[in-house]
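In the block that follows, a single chain appears as structure tokens, in the form predicted alone.
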Amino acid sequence: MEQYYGYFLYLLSLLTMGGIYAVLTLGLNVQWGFTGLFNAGIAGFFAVGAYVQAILTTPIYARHLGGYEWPIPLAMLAAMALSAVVGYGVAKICIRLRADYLAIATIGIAEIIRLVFKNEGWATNGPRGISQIPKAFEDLPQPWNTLAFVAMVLAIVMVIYLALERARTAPWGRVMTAIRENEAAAAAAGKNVERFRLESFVIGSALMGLGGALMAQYLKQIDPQVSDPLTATFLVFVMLIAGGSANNKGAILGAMLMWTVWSATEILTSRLPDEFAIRSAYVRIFLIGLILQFILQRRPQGILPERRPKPHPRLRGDRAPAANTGSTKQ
């Protein structure tokens, strides 16, 4: 019985981490999938959300900021807001850059953010990080506290999914697609390309901050290693590409699937001989890359490719049927 209970807790762990990564992947989908913004600094916005959540909710501690003891939902909103503000500042500087130049700039900014959190010990306790972070529903008995937290994460994913689906099929989403496909044509049609790109970047950054806030609660301890680019940037891109860029369902599927693979490879590599076990991280990266290569060979657009919204009847040139006057021509 205890073995099955262990499997049950492991399943809840997969759903929780998969849901948190789904939030990150949906945020990246707004930037990369909808608008074509190559943000390679996901780890920076993720770290901002995680540290804001930790600082605002932890009790007083002499080695870092804290003692505010904000309610957890309010701290999550603050984490999203500050991540959005940071994203706005980054976008105002870098939004005119294209493709690889934007990627280089965002990587640099994310590394600056990580180094600030690592070295400003008075605020973040430096490399030792922040512990004893309050977690939603942790006062409930086991396993109800874990079940409640999983339900909260999945509910957040569902709300974000429904909101982004509505946005994708709305005129806002159509403009984003037009900018991604042909920016010059969108500008010629009278669209403020820079403003739309900035909006996309800010919304995606806010969602990445929310993912960081959820991760801080789940782990109950954060340090600069949590925002490592391997797990906070590279893996998120793999999830989106494998699931299907510009497809919100694909973003969620990719997050759940690739996190399951990532977790399973950790179990497999732990059973390797000692000379390989010490290189387990490299083995896991190789396996993830191999799976991604297979998916791209078989389905270049991802498991769930993008589905364009149907054009409005007026744009198709359809006409309403003629009204029936009730009279016939003799």
Partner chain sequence: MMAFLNFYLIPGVVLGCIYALGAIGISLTFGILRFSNFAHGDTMTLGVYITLSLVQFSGLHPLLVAPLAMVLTTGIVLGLDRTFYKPFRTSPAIMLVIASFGLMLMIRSVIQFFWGVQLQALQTGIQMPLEALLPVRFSENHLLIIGATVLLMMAVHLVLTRTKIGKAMRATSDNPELAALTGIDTEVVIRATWAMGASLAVAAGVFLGLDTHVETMMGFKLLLPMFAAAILGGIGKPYGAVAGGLVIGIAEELSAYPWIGTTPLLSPGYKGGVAFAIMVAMLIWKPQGLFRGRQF
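Residue numbers count along the first chain shown, from 1. Everything numeric here is computed off the predicted structure, so don't read it as measured data. Throughout, rigid core stands for the largest set of C-alpha atoms superposing within 1.5 Å between the two forms.
Absent from the display: the form predicted together with its partner chain. The rest refers to it.
**Q** In the model of the complex, is there a heavy atom of its partner chain that lies within 4.5 Å of any heavy atom of residue 148, even though the partner is absent here?
**A** Flag for residue 148 set to no.
**Q** Is residue 60 close enough to its partner chain in the model of the complex to count, meaning some heavy atom within 4.5 Å?
**A** Output for residue 60 is no: heavy atoms all beyond 4.5 Å of its partner chain.
**Q** Examine residue 144 and determine whether its closest non-hydrogen atom to its partner chain in the model of the complex is within 4.5 angstroms.
**A** Residue 144: no, not in contact with its partner chain in the model of the complex.
**Q** Can you tell me whether residue 137 touches its partner chain? I mean in the model of the complex, with a 4.5 angstroms heavy atom cut-off.
**A** Because no heavy atom of residue 137 falls inside 4.5 Å of its partner chain in the model of the complex, the answer is no.
**Q** Taking 52, 67 and 198 as the candidate spot, are all three within 4.5 angstroms of its partner chain in the model of the complex by heavy atoms?
**A** None of them does, since no heavy atom lies within 4.5 Å of the partner.
**Q** Among 107, 152, 72, 82, which has at least one heavy atom within 4.5 Å of its partner chain in the model of the complex?
**A** Comparing distances to its partner chain in the model of the complex, the residue within 4.5 Å is 107.
**Q** Within 16-39, which residues come within 4.5 Å of its partner chain in the model of the complex, counting heavy atoms only?
**A** Those in contact are 32, 38.
**Q** Using a rigid core superposition, assess whether residue 61 undergoes a CA shift of 2 Å or more between this form and the one not shown.
**A** No, its C-alpha moves less than 2 Å.
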